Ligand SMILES: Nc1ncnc2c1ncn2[C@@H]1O[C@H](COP(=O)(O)OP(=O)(O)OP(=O)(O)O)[C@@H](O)[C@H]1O
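In the block that follows, a single chain appears as structure tokens, in the form predicted alone.
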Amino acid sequence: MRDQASSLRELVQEKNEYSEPQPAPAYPPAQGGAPASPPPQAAVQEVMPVHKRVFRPTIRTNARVIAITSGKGGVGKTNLAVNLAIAMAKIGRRVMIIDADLGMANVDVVLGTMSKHHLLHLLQPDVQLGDVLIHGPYGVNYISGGSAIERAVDFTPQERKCLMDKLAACETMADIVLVDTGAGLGRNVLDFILAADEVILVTTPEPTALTDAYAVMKAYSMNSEKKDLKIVVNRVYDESESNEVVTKLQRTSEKFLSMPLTSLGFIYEDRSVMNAVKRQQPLLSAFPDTMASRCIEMVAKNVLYGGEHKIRLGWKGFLQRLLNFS
């Protein structure tokens, strides 16, 4: 059985430059005009076999809302969110990022964009959704949360309705909304991950990161009505290190939390990640052929094609829950 590391070793030998996403084919064509190849075997067992997949452009009536979170800062959560969005857009999905990290909003830094407005500006009569929407590379749209959500409990009913009305259009603009939350267990962070239908927890093999990741898992299991939590292990040096982390967290989650935990894959430690940040460019744009980039592409495919995805609340439900949290 082929594993993620084996597939990556083959992929890294190929030269596959990025281009703006096209509606078809679903997978980027190989060099020389050769027929498109299916994705390498994914790291999760739920991924549907290649021969059963049928990829056609679809029109969603409701976007998938995925919160990306971590137990502690510095584990690469925002980098993953941005590059995951680009990897999905490259496949042909319409993706939007909501920067909900109120303490350290860095999505615009990683994207290399500048945001003049945030969600709070939508309360002004002359500001519309298009005014706060930033267009990033590969068609990825981005909205800065600013302090709007932090003030949500103080909004009047009229202000809540104003935000709901103006943000409702996001549903028609994106197939997937990635919410980059803050790290830890602050009230605002919990609000975001409990309002989202799906949650991706990012950790590293460091003991402190694992301890904090488990704290998030415990809080989520105690407060979430319908649990859908997946994990990505970042900054690993080899496959066995990732397997050890995943196995430990899965056993702990099943034993003490009675909650399944699915792995979406791992990402190798790679200096090109920091070099891309210094350039203020996403990794998949600056260094598309590195091992870390290939890993993120595989994680993106696991998110898109791994198992069944039921949209329970969707975008409107996400907003309703978020704006009514006390």
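As the structure is a computational prediction, the values presented were derived from the model and not from experiment. In this text, residue numbers run from 1 along the sequence as written.
Below, we turn to the form predicted together with this ligand, even though it does not appear here.
This chain is displayed without this ligand, yet in the predicted complex the stretch 232 to 240 from 246 to 254, 167 to 175, 232 to 240, 85 to 93 comes within 4.5 Å of it by heavy atoms. Among heavy atoms of Gly186, none comes within 4.5 Å of this ligand in the predicted complex. For Glu269, a non-hydrogen atom is located within 4.5 Å of this ligand in the predicted complex, even though that partner is not displayed.
Taking non-hydrogen atoms only, Ser221 never approaches this ligand to within 4.5 angstroms in the predicted complex. Put simply, Ser144 is far from this ligand in the predicted complex: not one heavy atom of it is within 4.5 Å. This chain appears without its partner; in the predicted complex, the one residue of Ala196, Val132, Leu201, Val75 with a heavy atom within 4.5 Å of this ligand is Val75.
When this ligand is considered in the predicted complex, only one residue from Asn106, Gln128, Thr113, Thr208 comes within 4.5 Å through any heavy atom, namely Asn106. Relative to this ligand in the predicted complex, residues Ile66, Glu297 and Asn302 are all farther than 4.5 Å at every heavy atom. Taking this ligand as it sits in the predicted complex, the stretch 115 to 136 never comes within 4.5 angstroms of it through any non-hydrogen atom.
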